[in-house]
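Form predicted on its own, single chain, as structure tokens, below.
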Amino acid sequence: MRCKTSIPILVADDDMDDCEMIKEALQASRLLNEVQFVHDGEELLSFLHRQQKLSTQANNLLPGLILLDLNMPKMDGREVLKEIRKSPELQSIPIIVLTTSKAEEDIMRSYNLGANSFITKPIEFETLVQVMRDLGRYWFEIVELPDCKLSEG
């Protein structure tokens, strides 16, 4: 069994200020996991497919958790969610929608497309730190996540 802090987190968000705030909130919440950022849906899928190839060849890890913004350029979070859930190799990665939307339609559609959670981004930094602390506790201390190493062949 691997150490929970070795589970990488991938954040997909096009707003650089939000990315910086998420990064600082993760640090402030003392979450020690490696965090990577992508800034649009196409970049997210390219990253996952590249990591998938590396995982097969070099035993690297796919992200163990994705924080996904819905409103991104090129390919939005809804389209990305749909694509990830269609892929047998990627579909088990937990995806938390982390967005500014509070629209009931976005909430329902996200869950229908396979999101594991839907969280409206807090505006206040201290609230975001608490959300990241709670996410870390839930996803890395309480639940059991699948091993994100891909088996060969």
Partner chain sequence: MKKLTKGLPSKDLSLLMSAIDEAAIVAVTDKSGTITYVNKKFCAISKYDEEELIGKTHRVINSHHHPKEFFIEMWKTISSGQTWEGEIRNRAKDGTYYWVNTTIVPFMDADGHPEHYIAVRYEITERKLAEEQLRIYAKKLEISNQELQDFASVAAHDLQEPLRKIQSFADRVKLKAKDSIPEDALDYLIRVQASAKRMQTLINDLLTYSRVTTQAKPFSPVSLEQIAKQACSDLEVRIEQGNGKVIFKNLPTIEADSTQMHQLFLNLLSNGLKFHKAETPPVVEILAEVDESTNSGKSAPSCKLFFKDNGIGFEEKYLDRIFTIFQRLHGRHEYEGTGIGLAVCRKIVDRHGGTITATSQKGEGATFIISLPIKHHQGA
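Fair warning: this is a prediction, and the values are worked out from it, not measured in the lab. Numbering follows the first chain given and starts at 1.
What follows is about the form predicted in complex with the partner chain, which we do not show.
Although the partner is absent here, residue 17 is a contact residue: one of its heavy atoms lies within 4.5 angstroms of the partner chain in the predicted complex.
By the criterion of a heavy atom within 4.5 Å, residue 101 is counted among the residues contacting the partner chain in the predicted complex. Mapping the unseen interface onto this chain, residue 145 falls outside it, with no heavy atom inside 4.5 Å of the partner chain in the predicted complex.
Contact annotation: residue 122 falls within 4.5 Å of the partner chain in the predicted complex, judged by heavy atom distances.
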